[in-house]
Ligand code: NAP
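Encoded as structure tokens, the following chain is the form predicted alone, with no partner shown.
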């Protein structure tokens, strides 16, 4: 990194990953001497608006940006509102990257999603396969908008030599997530559903068959890796940040872990009239392991237990 002090602007700073990075910076000695970290929320600026984006960059004059801000929801929200997922995210991403260019930002690390990969593909997927075919129909709007970050990163490097890159996490969960049962990410929505069923003594109904398989990553692990990418990852091409292929579990296995963490012993029903989405999207973390062979991910059962405990303790202020 350059000798001058870093001023790191984190967009989406009040969300799941922003809070995880803030935790690592504040409580795990992630902040180095001379650094300044600014965590933006949607209250600070509407990043779909170019004027507001420019104003917040002028205010803080970042040297580095971690771009997490996005309009995002769970499977069923994306299925209903693909246009929303496309237009708002295209605006946000273009405004952030262009304003970073205009204000002389040294490096931008953006966050993509494993849903951007082609629906029809071979497994495991890796970083070279992003544009090999259309994404799954359930969230094509959001997926194409996220893919365009990779296109823009390469274009900014080609035309200006800018060091803009991206990370691709698999399914993220943890404290400060959106636990809304309709619009939240799958694991956090299920935590809320299970907690409610336990509290009310009612059956737990899980949307879909429970058969789809996912690689779940604890948000604090991802926060540590994103800070590493900001400091040390020098490629323009993106890097998948994920647990290994052998750590992939079914939704049903994850539900069973949640039930154990919350001591839920009631009836479980799987509503197979509801869409499963993609049945699998197994990702390779070989590139990550080539850089960080010794990085240790939090075991899934332990991470689920910690997330459930956080949700119960913070129920009144959690996003539900």
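Residue numbers count along the first chain shown, from 1. What you are looking at is a predicted structure, and each value in this text was computed from that prediction instead of being measured.
One more form of this protein, predicted in complex with the ligand, exists but is not displayed; see below.
Residue 185 is the only one of 162, 147, 185, 224 with a heavy atom lying within 4.5 Å of the ligand in the model of the complex. Residues 15, 92 and 171 are all found to lie within 4.5 Å of the ligand in the model of the complex, as judged by heavy atom distances.
Here the chain stands by itself, but in the model of the complex one stretch of 231-239, 97-105, 110-118, 153-161, 110-118, has heavy atoms within 4.5 Å of the ligand.
Though the partner is left out of this view, residue 45 does reach within 4.5 Å of the ligand in the model of the complex, counting heavy atoms only. Contact check for residue 65: every heavy atom lies farther than 4.5 Å from the ligand in the model of the complex. Contact check for residue 130: no non-hydrogen atom falls within 4.5 Å of the ligand in the model of the complex. Contact check for residue 72: a heavy atom falls within 4.5 Å of the ligand in the model of the complex.
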